[in-house]
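To begin, one chain is listed below as structure tokens, in the form predicted alone.
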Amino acid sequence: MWRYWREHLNPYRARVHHGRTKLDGRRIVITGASSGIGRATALRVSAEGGIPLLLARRAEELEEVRTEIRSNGGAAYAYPCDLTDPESVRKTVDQMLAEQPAIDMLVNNAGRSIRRSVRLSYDRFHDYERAMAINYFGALRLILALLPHMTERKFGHIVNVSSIGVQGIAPRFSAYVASKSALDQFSKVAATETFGDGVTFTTVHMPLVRTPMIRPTKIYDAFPAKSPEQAADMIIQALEERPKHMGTGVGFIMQLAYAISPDLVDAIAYQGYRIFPDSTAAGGQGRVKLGKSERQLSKAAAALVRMTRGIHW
């Protein structure tokens, strides 16, 4: 009788986990799973015994990830979805809830990055709308759709992939950082309301990662950056340990420095704004100097990159 109550009637039974790993058997929704950080995270989740529910717009690439996971002996499900389309999100969530016995966790990884100075954005208000559409509203749409299921089960964990730029100052990223900041603040408030229901949030302030998203900015070829696999390690830790936030040492130092001396941080960031030009893709005329065998930065730029490793410039 006790066993039956524990497995079928205990309102907190979803929190009880006896897998070989912390993610074993957990069904985890991962957005932006067709490439980059999302793909690497899905592979790691599967390696830990979890079951990734793969979301992205590109159905063919999503199917490739699912096939790779299954060929390695894991389980995965692909759900093509446009997070900027309310109807697409509604249908996808309904389908997942109908096909899966439960959804335990969500990783909001899908995003859009825009590197463009404010002075080149005067007539590009749509940049800000596009960033908000995926980075904030897309993630929020999915969170709100899954929260009733999670709160009913008295368990759930949501990992939001944010940016190190939110912790410090990232010139030319006003659209991107603002959209990530909005999601950060929503999560802080929501966490206070879902605490009693066992639904928790982690914000990962991700440093620069070498993914297709940063490829148009050629200056980043000369920047040190984490690999998608290293970024996935951070997300796996967030899923397993469920801290309030995660990030890098540089990010926390920048956050502390801005709290103590915001004018000094502004002055340093302004130097970075002057040193690193707008890219051709952004409509600027700046060019990264080409060395004999690789793209090179000026000595001042290289020094600033080393000092603020992982920061988006």
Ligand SMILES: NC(=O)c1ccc[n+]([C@@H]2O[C@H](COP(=O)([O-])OP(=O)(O)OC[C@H]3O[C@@H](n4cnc5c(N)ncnc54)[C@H](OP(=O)(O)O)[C@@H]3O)[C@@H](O)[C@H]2O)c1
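On a predicted model such as this, the values are computed, not experimentally measured, just so you know. In case it trips you up, residue 1 is the first one in the sequence shown, and so on.
The discussion below concerns the form predicted together with this ligand, not included here.
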**Asked** Each of M105, L142 and M150 near this ligand in the predicted complex, meaning some heavy atom within 4.5 Å?
**Response** no
**Asked** Looking in the predicted complex, any heavy atom of K244 within 4.5 Å of this ligand?
**Response** no
**Message:** in the predicted complex, does F155 come within 4.5 Å of this ligand, counting heavy atoms only?
**Reply:** no
**Asked** Just to confirm, V159 within 4.5 Å of this ligand in the predicted complex by heavy atoms?
**Response** no
**Asked** Do Y176 and this ligand share at least one heavy atom pair within 4.5 Å in the predicted complex?
**Response** yes
**Prompt:** this ligand isn't shown here, but in the predicted complex which of S35, S279, Q255, T248 has a heavy atom within 4.5 Å of it?
**Reply:** S35
**Item:** Contacting member of M234, I169, C81, A78, with respect to this ligand in the predicted complex [4.5 Å, heavy atom]
**Value:** C81
**Item:** Option from 257 to 265, 65 to 73, 271 to 279, 51 to 59 whose residues, in the predicted complex, bring a heavy atom within 4.5 Å of this ligand
**Value:** 51 to 59
**Request:** At a 4.5 angstroms cut-off on non-hydrogen atoms, which residues of 180 to 215 are near this ligand in the predicted complex? List them in order.
**Result:** K180, M206, P207, L208, V209, T211, P212, M213, I214
